[in-house]
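The form predicted on its own is given below as one chain in structure tokens.
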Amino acid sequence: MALDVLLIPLGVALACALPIGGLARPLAVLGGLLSAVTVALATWAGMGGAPADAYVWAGPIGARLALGADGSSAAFLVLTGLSFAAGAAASGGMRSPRAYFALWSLLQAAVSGVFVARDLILFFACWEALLAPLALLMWHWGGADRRAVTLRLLLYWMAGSALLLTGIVALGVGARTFAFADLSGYRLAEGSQVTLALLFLAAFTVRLPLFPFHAWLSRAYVAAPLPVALVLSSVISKTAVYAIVRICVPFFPRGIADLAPYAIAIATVGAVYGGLLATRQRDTRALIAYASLSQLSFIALGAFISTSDALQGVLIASVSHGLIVAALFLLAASVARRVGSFEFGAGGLASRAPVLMSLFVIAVLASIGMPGTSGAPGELLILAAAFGRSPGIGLLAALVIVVSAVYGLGLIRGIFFGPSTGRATDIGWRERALVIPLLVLVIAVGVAPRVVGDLAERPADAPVGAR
């Protein structure tokens, strides 16, 4: 399974680079769906947690090319396939489609590689590899401010990656192995754990992003092509969530415990701050950016608390956020096509586009955490863990829900209520075909959250003999 989710998008990227006419877009959609289905079937059959395949490539320092998947990575891989399929389907009218979809599929392969890597060297290679197709997609297909925004994003992310590489080399050389399975049992002195945890977290919190390392966020969401902004928020940000839970928490338990009070405080403040910034936005993409900052900070709060219930909440909330934000971006594009702008102050779509409004309301209510949607269970688990940690932290975290209701309802009011536009039509069947499956999954996860939450308990890969 782990190798399949790399080979599928790589094969699609190669096919898209060939002179295949108008087949690039359908192939990219199919590649995303096939990856998601492959992982879902393998997970359903109980293959999560199977031993990793490992190949020695630098024996003296213990470096191996190891691939595998546990329950959490399987959930993120399914989300990756679905998000890239939806984004590819929404990528209509792109110039140079063969180049665009080849880069798109390479980006999917690199993101998937982060989730299946079971060696720190391979993890870092995939972590860095996704930068190239992402930057090229933004540079060549983005909006008016795309080049300055791309350079800013690269500057932030590469600075974090330099610290990550320093931490990886220090940890791997000291332990004489880079394999996840072996490092899980390797124990460092408390001071060394704190230092290494800081190096790793520096990279992960920049890419998440976590306040105050979010300066690249809103401009990137606005300048990037909308499908790229979709996967940037729904999936690429989750590579940082996954890395914190999969690497920092098990490898540096005492270091994370020492840093937890500060990290929890920063995440809580960032969640409230991001929500307050979202209430002041008039561009739908910028609002989604700051709402994501708030929600991802809330998810990071659960990761730093690190109890079993909190980590279950992190996984559910991460999958939920990915599905919801993908639906919101698609719906925002539908609105922009009708009013000619992503600005949402005009209003007036309620009477002309009732189905569009209904779908938008469902997505917004899910993002707020309405019971019966996927936004509720993960949010409640993290909130309960926050109150268990500290009543003050719990109260601040609860404030995030109030603020999210303010910007969510303000978004609905600004788009759908007010003077009628008089010329807008309702959402068409092609647009519905993209959004409705995502919202069905949002409802399904809300009704049966254990389907996702129990994956957090699936064991990580066992050590295997290297080949």
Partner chain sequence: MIQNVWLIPAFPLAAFLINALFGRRWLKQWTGPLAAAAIAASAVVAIGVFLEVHAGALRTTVPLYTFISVADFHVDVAALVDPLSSAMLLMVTVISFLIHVYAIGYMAHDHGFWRFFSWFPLFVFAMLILVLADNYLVMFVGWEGVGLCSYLLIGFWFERPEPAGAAKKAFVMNRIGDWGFTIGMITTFLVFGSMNFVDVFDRVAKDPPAQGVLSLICLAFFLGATGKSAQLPLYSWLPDAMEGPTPVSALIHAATMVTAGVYLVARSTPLFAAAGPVLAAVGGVGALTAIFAATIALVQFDIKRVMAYSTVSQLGYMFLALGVGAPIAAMFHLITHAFFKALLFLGSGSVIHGIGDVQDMRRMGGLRSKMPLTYWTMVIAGGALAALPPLAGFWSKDEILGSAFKNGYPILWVVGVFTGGLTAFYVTRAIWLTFHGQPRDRQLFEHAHESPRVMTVPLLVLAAGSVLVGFIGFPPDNGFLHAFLRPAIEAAGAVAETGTDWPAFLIFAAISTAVGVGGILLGLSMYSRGRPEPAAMSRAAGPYYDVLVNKYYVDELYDRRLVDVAKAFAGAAWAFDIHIIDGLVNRLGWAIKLGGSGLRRAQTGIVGNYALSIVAGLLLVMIVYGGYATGWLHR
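Please read these numbers as outputs of a predicted model, since none were measured by experiment. Positions refer to the first chain, counted from 1.
Not pictured, yet referred to below: the form predicted in complex with its partner chain.
Which one of L198, L136, A170, V355 is close to its partner chain in the model of the complex, taking close to mean a heavy atom within 4.5 Å? Residue within 4.5 Å of the partner: V355.
Ok, V402, L41, V440, A433: which has a heavy atom sitting within 4.5 Å of its partner chain in the model of the complex? If I apply the 4.5 Å criterion carefully, the residue I get is V402.
So, P212, R219 and P377: all three within 4.5 Å of its partner chain in the model of the complex by heavy atoms, or not? Yes: P212, R219 and P377 each sit within 4.5 Å of its partner chain in the model of the complex.
According to a 4.5 angstroms non-hydrogen atom cut-off, is S306 in contact with its partner chain in the model of the complex? It does not: once its partner chain is placed as it appears in the model of the complex, S306 has no heavy atom within 4.5 Å of it.
Even though its partner chain is not shown here, does P371 get within 4.5 Å of it in the model of the complex, heavy atoms only? Heavy-atom contact with its partner chain at 4.5 Å: present for P371.
In the model of the complex, does A36 have a heavy atom within 4.5 Å of its partner chain? Judged by the heavy-atom cut-off of 4.5 Å, A36 is well away from its partner chain in the model of the complex.
Check L365 for me: does it contact its partner chain in the model of the complex (non-hydrogen atoms, 4.5 angstroms)? Yes, contact at 4.5 Å.
Looking at 242-250, 90-98, 229-237, 271-279, which lies within 4.5 angstroms of its partner chain in the model of the complex, counting heavy atoms? That would be 271-279.
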